[in-house]
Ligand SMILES: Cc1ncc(COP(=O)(O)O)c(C=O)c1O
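The form predicted on its own is given below as one chain in structure tokens.
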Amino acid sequence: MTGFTRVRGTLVCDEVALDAIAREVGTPCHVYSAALLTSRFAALEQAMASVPHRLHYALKANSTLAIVRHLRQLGAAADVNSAGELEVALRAGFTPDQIVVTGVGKTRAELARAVSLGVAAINAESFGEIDRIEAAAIAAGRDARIAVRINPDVEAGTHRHISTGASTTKFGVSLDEARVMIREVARRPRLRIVGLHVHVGSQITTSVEPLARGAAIVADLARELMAGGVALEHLDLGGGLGIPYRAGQPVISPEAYAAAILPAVRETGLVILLEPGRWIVGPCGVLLTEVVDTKTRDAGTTFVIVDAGMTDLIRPALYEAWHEIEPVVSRDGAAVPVDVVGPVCETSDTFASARALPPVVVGDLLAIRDTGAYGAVMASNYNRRPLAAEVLVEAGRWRLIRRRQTIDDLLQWES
């Protein structure tokens, strides 16, 4: 089996014991399974095999260079949301024609860089952005390839912080605005419309209906535009496929996902782009952390205090998100409810409340599961805490892919 399993009571990653990694690298530490990353990418590729397609991995999920490079080697393309992610994609070996640039607030400098490189598409979010892309194209003396991001006014049915398809959010333009925008672009010789883009939200687990509706809306618009002479090349259907953060949580399979979105778009004959991130990398990572203290209040609450904090994994504090937590090495004894908390000076620095855990003592290691996406990539230096180390397990061996940050690293730009 690939990924994280137990061997004689010890949690391992692809046959490498996690406690052995922690002894060498220290904690907190993110550990990733290259084998699981490979198998999950292959599963999504297989589900989409019946149509021309490209999987543009969303770097916002995890932009650690070794992870991005591994996905490029598997055949992924790239989806980037900032100048920094664009440069990571280039250093990972992606060519500009494999990169889609998205994001609701792209700066002039970011647009100029994307245009000068000749990226596969810039997902345009507004009329003003069209003007700025045109100015960059004129300055660069080359055409800019644009996909218009549609806001389909579709509720994703997920957490409000990661729902992006409703008309009340900041993303994209309405269908009527898109029609006007595309007519306007057609009059500008340095701009070329190559696609349409839609993304209704992230971590969709209970119903394929929002994904299917978003796909149908952009497919209908694509047919209308092509009938009017617009030469589109692709439909970008975004991401959104969720993962089971809770053990036993039902989720949408890649096959069900493909069955929901492909009927609406297949007949357009266009290349289908997807922007998977969390679904590929989320289950491929764990955050290792050491128990540094325990204490029990008079009211009966027991706190298990660990050396990882919201600076290493902010999802529980930001979204009240659930992550499974388990000891790396099992101890005998009945599970009891505890609060697993970090050292950061915030009450929100809590990974789990009233969570049933087997007995743990100071010095034990815990593994926080499914942190491959939106874990290390959302880390901060609050409380002047250094960024955690990152490790990739591959072919039965592990290697450090990002060393632990030091206080000298933190202070090198200050005087």
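Each residue number is its position in the shown sequence, starting from 1. All values derive from a computational prediction rather than experimental measurement.
Just so it is clear, the following notes concern the form predicted together with this ligand, a form of the same protein that is not shown.
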item: This ligand: the contacting residue among 53, 60, 385, 40 in the predicted complex [heavy atom, 4.5 Å]; value: 60
item: Residues 64, 289 and 375 all lining this ligand in the predicted complex, heavy atom within 4.5 Å; value: no
item: Heavy atom contact within 4.5 Å of this ligand in the predicted complex, the stretch among 227-235, 90-98, 309-317, 271-279; value: 271-279
item: This ligand contact at residue 342 in the predicted complex, heavy atom, 4.5 Å; value: no
item: Distance check, residue 214 to this ligand in the predicted complex, heavy atom within 4.5 Å; value: no
item: This ligand contact at residue 285 in the predicted complex, heavy atom, 4.5 Å; value: no
item: Residue 203: touches this ligand in the predicted complex, heavy atom cutoff 4.5 angstroms; value: yes
item: Heavy atom within 4.5 Å of this ligand in the predicted complex - qualifying residues of 108-138; value: none
